[in-house]
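Given as structure tokens, the chain that follows is alone and in the form predicted on its own.
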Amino acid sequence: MLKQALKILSKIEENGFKAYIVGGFVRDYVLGINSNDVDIATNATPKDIMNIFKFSVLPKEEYGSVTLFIKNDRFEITTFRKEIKYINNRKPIEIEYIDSLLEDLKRRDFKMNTLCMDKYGQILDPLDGKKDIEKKIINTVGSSDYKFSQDSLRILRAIRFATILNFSLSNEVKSAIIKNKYLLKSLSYSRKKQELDKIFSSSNAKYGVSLLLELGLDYDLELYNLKDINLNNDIIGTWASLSMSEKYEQEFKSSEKNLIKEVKEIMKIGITNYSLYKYGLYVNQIVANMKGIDKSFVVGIYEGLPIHSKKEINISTLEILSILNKKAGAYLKDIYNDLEIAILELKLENNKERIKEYILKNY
């Protein structure tokens, strides 16, 4: 991807403009981390870029940016700019195109994200971002208080970067987060969940959670029992362990909501033959992880279940009607539910003769 990105820079410069790879890709390159997220900054306008690359497109949300797809790779190309005015402590609504890379870098969030790469693959570091990377510390570009009050999402981005990269937050950054954390209440639940997903799914998630608690963000994020979070290999298990504002629920797909509900139900009753039968192996494995139970043990129980569905109960509806000499009715559902539980609890053998005897005795 780097090779293709450098070709894009050369192509832009062949047309009389300046262009650089900026931000996270260069930071990760310095850290030796593979990245597929390439952002390019240039003094070419979106119209210029679309003239140079005929298959580029204008995204709906990114004002002043052009998206370029080459094979399966995606490149964001943004014109050097100043952000004049923000709305709702989040989005710039007024920008000014400029011709200065340095001024463009000054609008960015953290120093470590201001490294650039030119078309020759040379690293440019006008704001000393590399020093922060070497010290493993996160500092904002300019006043932390101003940066977080300007865009409250940067608060969660700071925690996310610290978590994933295992960096510390500077004292100024911490103080500014504490001062401005109340702004998180007005941040969309979609953006909050996106950042929290990345923090919770990181291999360094415990550190991320400790930062959220240290800075008191749990209250403003409306995560009411964050100190009791059960970090899980499956993000659904992690969210299921949290008590949170119901407004987060709208950010989950219906299938995810059902999974969270099922995880909570199993957490109450425990992993049993019936829970494995009713909810399936996947959900029970999430709970096993939460409870510190070996997943292979749960798989063994599941594979040893006497039945895995109603269809496996060794008697047909017609046979039940014949035994009872009755017509079909709603009572059949009750009988099957009873048979299910009795067989799963090993009180009844899944054998046709035993089942007939059970039905005659009880019905």
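Just count from 1 along the sequence shown to find any residue number. Bear in mind that the values here come from a model prediction, so they are computed numbers and not experimental data.
Another form, the form predicted together with ligand ATP, is not on view; read the next lines as being about it.
- Residue contact check for residue 154: one or more of its heavy atoms lie within 4.5 Å of ligand ATP in the predicted complex.
- Taking the partner from the other structure, ligand ATP in the predicted complex has no heavy atom within 4.5 Å of any heavy atom of residue 132.
- Although the partner is absent here, residue 148 lies well away from ligand ATP in the predicted complex, with no heavy atom inside 4.5 Å.
- For the chain shown alone, residue 222 is not a contact residue for ligand ATP in the predicted complex, no non-hydrogen atom being within 4.5 angstroms.
- Stretch 23-31 is the contacting one of 295-303, 64-72, 331-339, 23-31, since its residues have non-hydrogen atoms within 4.5 Å of ligand ATP in the predicted complex.
- Only one of 193, 119, 107, 174 comes within 4.5 Å of ligand ATP in the predicted complex through a heavy atom, and that residue is 107.
- Residue 113 is the only one of 144, 284, 163, 113 with a heavy atom lying within 4.5 Å of ligand ATP in the predicted complex.
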